[in-house]
Structures are given as structure tokens and as C-alpha cells.
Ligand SMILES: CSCCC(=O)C(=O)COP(=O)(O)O
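In C-alpha cells, one chain follows: the form predicted alone.
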């Protein structure tokens, strides 16, 4: 396995989750099906609780935004007033959430609700976060070399912390210096990486971003961030042009710090 140098001058590594630290199958075959199977029960059980009301309110705001942008939308109103039949209102939320999931939406409203549902599943032991075997030893090695480690994922910060807090290796949250989600901006928008650099307190060129998605890699590059594209089993196939353009890694074990400039 060829060694791949972490770009000189890197002080912080920014890691994607799905397809990078964690198998895509974990998200697609375990996390998402859990939401689909338990969504209606979750809403029925928690409908009158403040957290659930806030989740529904955020979904309603997302629907209004979708309508303004003339995006297709499964449901055009989620009305939680006292005049609304509760079962009908819950059904409307279910329909909208399932529509967003089917469309692979990354909306903050969807991710927040999912995070709250996964929290209960992790805490009860029904779900444990999967991590590739090369991830935690490599992060410990990098930290020992003075690098800071951050996560940037479409999943909410809460969902990220649940995955690593209730992982197959136990609670490994102490490996990370911070977490970012789409509340800072979309992963395909270069400005998001500029904002992360500001938040971390370093220049974009001092960050190296690891992702399996080339659209995200392109956005990070545009912001001046270093990029390594992760090639794992089940990840999207890269074109010949992408393979030629990006530095590729198949395991975190390959990555070695060559010292900071």
C-alpha cells in the first residue's frame, strides 16, 4: 500500500463520514431504514413534546422555502394548530420526510429530525456506529503528530456525535476537535470551507479535506483547501479524469504527515 503524504503545511484534517470514515452501507442499510420504519411511531409518541414541535416547525419552514423556490414538494402544508386532526398532520409530516429522503435531500430540517430519532436508537443499543478499522488508529497517530481533526458531514452535528459516541469501538468522540454540518453551508459550496477555516482559526490552505464525493472535493479546492479523495468499497466510481486529477487514498493507513511547513 503506497504511502500518501498529507500536504505540507496542513494543521487540520477535515473528514467526511459516509464513504470516508464509515461504510455507505451503514447509512443506507441501517440508519435510513430505521427512520422509515419508526417515523410514524416516533411522531405519534412525541407529538406534543417541545423538541418534536420544533422539528415539525423546521420542516414546515423548509416546505415554505421549497414552495418559494418552486421546488417539487410532497406536501404543501404542515399545520400543527389545535384545529388540525392530529393523525392527518402526522401523516403529512411522514409523507414530506419520506419524500425528502427519497430525493436524498440534505435539508437541516430533515437532518435534525433524523438525529433526534437516531439518538434514542443509539442510546438503547439498537444501533451502533460503524467505523472502518483503519480510522481510529490513524486519527490517534495524526493527533500525536500535532494535527487537529474535524468532521464535516451532511448529517447533523448531533447525528455525527451519536455515531462516534456509540460506535462499535465505544465512545471515540475524544478523537475530534470539532464538528460541522450543513448549518455552516452546503458541502458543494466553496464558501462553506472558507467559513470552516475561519471557525477553526486557520487559513484554507492549512486544511486537508478527505471525502469520497468529487463535487465536494471541487468545492473545497475552489476555497483553497487541500483535498484527498477516499476510494472505499461501494463508493461512487470515479471517472478517469477524476482519478488523474485527485490524490486518492484507499485507507487512512496510507496517510503520513511529512511535517508541517
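Positions refer to the first chain, counted from 1. None of these values were measured; they are calculated from a predicted model.
If you look for the form predicted together with this ligand, you will not find it shown, but the lines that follow are about it.
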Is residue 155 close enough to touch this ligand in the predicted bound form, meaning at least one heavy atom pair within 4.5 Å?
yes
Is residue 27 a contact residue for this ligand in the predicted bound form, using a 4.5 Å heavy atom cut-off?
yes
So in the predicted bound form, does any heavy atom of residue 229 sit within 4.5 Å of this ligand?
no
Does residue 93 reach this ligand in the predicted bound form, with heavy atoms at most 4.5 Å apart?
no
Within 4.5 Å of this ligand in the predicted bound form, heavy atoms considered, which of 106, 119, 148, 141?
106
Picking from 31, 217, 63, 56, the single residue whose non-hydrogen atoms come within 4.5 angstroms of this ligand in the predicted bound form is 31
Among 85-93, 129-137, 169-177, 156-164, the region lying within 4.5 Å of this ligand in the predicted bound form by heavy atom distance
156-164
